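Below you will find one chain, with nothing else, as structure tokens; this is the form predicted alone, and questions on how it binds or moves follow later.
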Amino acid sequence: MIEVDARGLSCPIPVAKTKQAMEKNPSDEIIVLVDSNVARENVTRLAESKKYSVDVLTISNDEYKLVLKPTN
């Protein structure tokens, strides 16, 4: 399992960090921590476009834990 902590970072940085983790670890589950709705939505869109399933867990008001799992 790989973890990407993108809290405090503005888009497109969370998406870029997530994409980099996907490319380096294509068959691993990836946990992404973000602290904005925009980052959550953008990382989710990226993951779905790359054929990952996405589970979103709300930690607090604007803090989310995204669990990305490759589906292929």
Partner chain sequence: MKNIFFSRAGIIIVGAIIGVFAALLQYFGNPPNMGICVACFERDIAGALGLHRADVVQYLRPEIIGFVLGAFLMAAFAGEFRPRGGSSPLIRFFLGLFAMIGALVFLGCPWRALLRLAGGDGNAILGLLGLTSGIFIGILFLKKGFNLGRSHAQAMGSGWIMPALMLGLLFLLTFQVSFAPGGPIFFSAKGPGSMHAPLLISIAAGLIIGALAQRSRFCTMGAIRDVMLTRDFHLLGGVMALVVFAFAVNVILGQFKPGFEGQPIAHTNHLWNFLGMSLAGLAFALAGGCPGRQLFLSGEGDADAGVFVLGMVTGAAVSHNFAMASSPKGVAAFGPIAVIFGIVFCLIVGFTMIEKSK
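Residue numbers count along the first chain shown, from 1. In this text, all values refer to a predicted model and were calculated from it rather than measured experimentally.
One more form of this protein should be noted, the form predicted together with its partner chain, which is absent from this view; the next part is about it.
- Item | All of 30, 51 and 56 with a heavy atom within 4.5 Å of its partner chain in the predicted bound form | Spot residues vs its partner chain: no contact at all.
- Query: Counting only non-hydrogen atoms and a 4.5 angstroms cut-off, does residue 21 reach its partner chain in the predicted bound form?
  - Reply: The answer is no: residue 21 has no heavy atom within 4.5 Å of its partner chain.
- Interface membership of residue 60, its partner chain in the predicted bound form, 4.5 Å heavy atom rule: Residue 60: no contact with its partner chain in the predicted bound form.
- Message: Even though the partner isn't displayed, in the predicted bound form is residue 7 close enough to its partner chain, meaning a heavy atom within 4.5 Å?
- Response: Yes, contact at 4.5 Å.
- Within 4.5 Å of its partner chain in the predicted bound form, which residues of 23-45 have a heavy atom? Give them in sequence order, or say none. The stretch touches the partner through 24, 35, 36, 37, 38, 41, 45.
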